[in-house]
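Take a look at this single chain in structure tokens; it is the form predicted alone.
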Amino acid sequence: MIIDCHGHFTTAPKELGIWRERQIAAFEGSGARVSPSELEIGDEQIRTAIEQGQLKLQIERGTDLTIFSPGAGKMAHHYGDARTSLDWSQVSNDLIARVCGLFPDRFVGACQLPQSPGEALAESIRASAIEVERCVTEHGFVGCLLNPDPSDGFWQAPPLTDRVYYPLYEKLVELDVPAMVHVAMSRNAAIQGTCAHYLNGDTSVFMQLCQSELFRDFPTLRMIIPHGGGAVPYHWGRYRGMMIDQGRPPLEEALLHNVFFDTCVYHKRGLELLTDIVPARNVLFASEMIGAVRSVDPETGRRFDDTKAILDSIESIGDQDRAAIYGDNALRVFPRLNAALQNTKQQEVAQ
């Protein structure tokens, strides 16, 4: 089974965006709320969006299952207050649950968290722990997106290793659910979103983890750093050297039991570097398809986000490592996937 660990509902029906615009405008205008019940999206709208989008590409590219979450850039945690973020997260997560319900053999959910910047951060992290539990227990979700910068481009939050995040980590460990570290939009004009802010976030969080004792406190906590780890594989020697200079344990010992990287790297030499530098057991297949880059690469004739085609062309990856990257690692890092797949099989047999 080929499991894509990184997909977003970037093709959601337009009604979702309209509801969000109304929510933001109402709160900014007068502090008013727009009820989640006012969002109306029919099952056929969801089916059309998925069948003409992500499902179509799954079939064309030969992948089997996607861990599916709300659009990352649209999380936009800086808008409104804690209630704004909670309502938006629940609306977004419930829509993902509907996708998974309509296509249970193709999509399994990962949730957005109701994070907020500034003084509301601590409260929002406690709310995030509650939302993770709701999504896991009620919807069968297997992971979550954790934003290290809910100020959306201004980096006003403490590092993810700060104790303010511990209530969330305690819940993730209890539920045996990993977090994918993923920033949202950038409202800083100096930092473009998908090609600067995203990769800055990946790189910055890896450094935060290098400098911390987080995994001593949470030895079973797992984090996925997407987009190939940002600058991390390219500067692997810098990180290793820094750890030695500071008298810390070797990089592999300190982080690689808990930290994983995905393959959202859109050129062959980049993926060759990732799979050469990072042990295969720490690499998860992903494409983030219909995401940040949607065009066709004129050099290959394929879309840039067709990462399976790129990986298939890398001959240096052995059969065992390829199997690990394509699916075995995801089943280990997202252990609730096994139960989700088993439930789907039982439903198919019952039908």
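Position 1 is the first residue in the sequence shown; the rest follow in order. Only a predicted model underlies this, so the values are computations on that prediction, with no experimental measurement involved.
One more form of this protein should be noted, the form predicted together with a further copy of the same chain, which is absent from this view; the next part is about it.
**Request:** Report yes if all three of Phe154, Met207 and Tyr266 come within 4.5 Å of a further copy of the same chain in the model of the complex by some heavy atom, otherwise no.
**Result:** Affirmative, all three are within 4.5 Å.
**Message:** If contact means a heavy atom within 4.5 Å, which one of 139-147, 220-228, 84-92, 97-105 is the stretch that engages a further copy of the same chain in the model of the complex?
**Reply:** Among the listed stretches, the partner-contacting one is 220-228.
**Message:** Can you tell me whether Tyr326 touches a further copy of the same chain? I mean in the model of the complex, with a 4.5 angstroms heavy atom cut-off.
**Reply:** No, no contact at 4.5 Å.
**Message:** Would you classify Asp312 as touching a further copy of the same chain in the model of the complex, given a 4.5 Å non-hydrogen atom cut-off?
**Reply:** Although a further copy of the same chain is absent here, Asp312 would stay clear of it in the model of the complex, with no heavy atoms inside 4.5 Å.
**Prompt:** Do Phe68 and a further copy of the same chain come within 4.5 Å of each other in the model of the complex, heavy atoms counted?
**Reply:** Judged by the heavy-atom cut-off of 4.5 Å, Phe68 is well away from a further copy of the same chain in the model of the complex.
**Prompt:** How about Phe304: is it within 4.5 Å of a further copy of the same chain in the model of the complex, going by heavy atoms?
**Reply:** Yes - in the model of the complex, heavy atoms of Phe304 and a further copy of the same chain come within 4.5 Å of each other.
**Message:** Can you pick out, from Ala179, Leu255, Leu274, Ala127, the residue that has a heavy atom within 4.5 Å of a further copy of the same chain in the model of the complex?
**Reply:** Here the answer is residue option Leu274.
**Prompt:** Of the residues Tyr166, Tyr239, Tyr79, Phe215, which one places a heavy atom within 4.5 Å of a further copy of the same chain in the model of the complex?
**Reply:** It is Tyr239.
**Asked** Is any part of 286-311 within 4.5 angstroms of a further copy of the same chain in the model of the complex by a non-hydrogen atom, and which residues would that be?
**Response** The stretch 286-311, when checked against a further copy of the same chain in the model of the complex, contributes Glu288, Ala292, Val293, Arg294, Ser295, Val296, Asp297, Pro298, Glu299, Phe304 at the 4.5 Å heavy-atom cut-off.
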